[in-house]
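So this first bit is one chain, no partners, the form predicted alone, shown in structure tokens.
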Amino acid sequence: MSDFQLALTNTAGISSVMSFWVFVASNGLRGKKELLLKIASGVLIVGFLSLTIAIVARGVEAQRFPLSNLYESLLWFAWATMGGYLWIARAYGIKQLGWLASLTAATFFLYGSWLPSSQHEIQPLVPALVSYWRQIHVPPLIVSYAMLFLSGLAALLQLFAAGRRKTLAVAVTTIVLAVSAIGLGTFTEIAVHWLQLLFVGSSLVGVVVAFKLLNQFDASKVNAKLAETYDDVSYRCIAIGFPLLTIGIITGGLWANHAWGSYWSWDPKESMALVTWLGYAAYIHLRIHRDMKPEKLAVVAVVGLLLTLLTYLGFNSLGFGGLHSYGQFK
């Protein structure tokens, strides 16, 4: 990795951290809230532009499309998360999603920085990835993951605005435990079956408890207009992410047939991608045809976030195996 590319990537990472803290400060300093929100958004724009140039520079340096290992995919995910939020903020005029988006980008930057140096350095492609299908199949998936993640984050804010603070607390705890399982699976030698239990067990229990607590809310803390806005933001993110996920799955099948002679082999990651797709298809069906309450749909979106996280990173770090193991380094 060149010094120029490293400087740009570090600038993007530092910008996401700074943006997060300025967004947080805007909630405490009410008198300067609007000014701080503008500063936070401006810093995030600097990070987004820096990361855009860094990704392009990595491609020029590598003389190939810069999306071939876990580290590069994390850069793309952070880029799509930052860009997705900036689009949402412009379209809806909302800023509070910014601290969650910048926190997510900063977390993925940190996760990537802790990966071994072999992931950071530009390496020759493994034979299985030497194909024009790589740049057709992978980018839509990574961008879809980022948009679906933003949908889940907007759903958390919807629960907050709807006064469902207990459900929100359970949802946040569940996400933290799931992320912790992936982090432990990546950087420690803990037996994978315990980590699988932590991720899957906490997710199942958390979702059930979250649904059961939905009827408990504080009417004095309900902001119906804001809740409706974040409900719409969550849906719009899925409306973008779901078609991209569909494209990614279809092109993955075409690539599989080209490489292995079969469109579908029930590989664990393929199967999990299908489960994730079905989860979001269920969300769209429930929203359009069942007229489900926004608070219940918010929990469904959080379930989708957990499925997305498992599909994207879980199969590399939790020992599920399969043919899609290019991101593994242990």
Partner chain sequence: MTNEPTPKKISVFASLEMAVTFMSLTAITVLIGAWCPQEAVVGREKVFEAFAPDVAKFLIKYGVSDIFHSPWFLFLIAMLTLNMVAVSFQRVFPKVKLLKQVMPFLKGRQIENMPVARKIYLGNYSSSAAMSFVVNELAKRKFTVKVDDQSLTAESGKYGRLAATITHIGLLTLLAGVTVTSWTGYSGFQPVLLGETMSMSGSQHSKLWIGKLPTWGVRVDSTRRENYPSGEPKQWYSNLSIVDEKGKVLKQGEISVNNPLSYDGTDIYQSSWGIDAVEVSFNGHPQRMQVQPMGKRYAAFLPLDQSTVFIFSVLDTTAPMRVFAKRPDWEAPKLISELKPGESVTLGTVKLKFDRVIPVSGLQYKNDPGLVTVYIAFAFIMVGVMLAAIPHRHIWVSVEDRSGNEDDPDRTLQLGAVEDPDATLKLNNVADPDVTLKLSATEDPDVTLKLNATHEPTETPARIEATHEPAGTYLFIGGKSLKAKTGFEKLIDKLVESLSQQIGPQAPPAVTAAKSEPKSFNDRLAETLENSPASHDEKLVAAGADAHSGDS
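Residue numbers count along the first chain shown, from 1. It should be emphasised that the depicted structure is a prediction, and the values quoted were computed from it without experimental measurement.
What follows is about the form predicted together with the partner chain, which we do not show.
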Pick the stretch from 113-121, 169-177, 219-227, 139-147 whose residues have a heavy atom within 4.5 Å of the partner chain in the model of the complex. 219-227
Is residue 272 a contact residue for the partner chain in the model of the complex, using a 4.5 Å heavy atom cut-off? yes
Heavy atoms within 4.5 Å of the partner chain in the model of the complex: does residue 90 have any? yes
Quick check on residue 32: any heavy atom within 4.5 Å of the partner chain in the model of the complex? no
Does the partner chain come within 4.5 Å of any heavy atom of residue 236 in the model of the complex? yes
Among the candidates 207, 86, 247, 182, the residue which, in the model of the complex, approaches the partner chain to within 4.5 Å (heavy atoms): 247
Residues in 230-259 with any heavy atom within 4.5 Å of the partner chain in the model of the complex: 232, 235, 236, 239, 242, 243, 246, 247, 250, 254, 255, 257, 258, 259
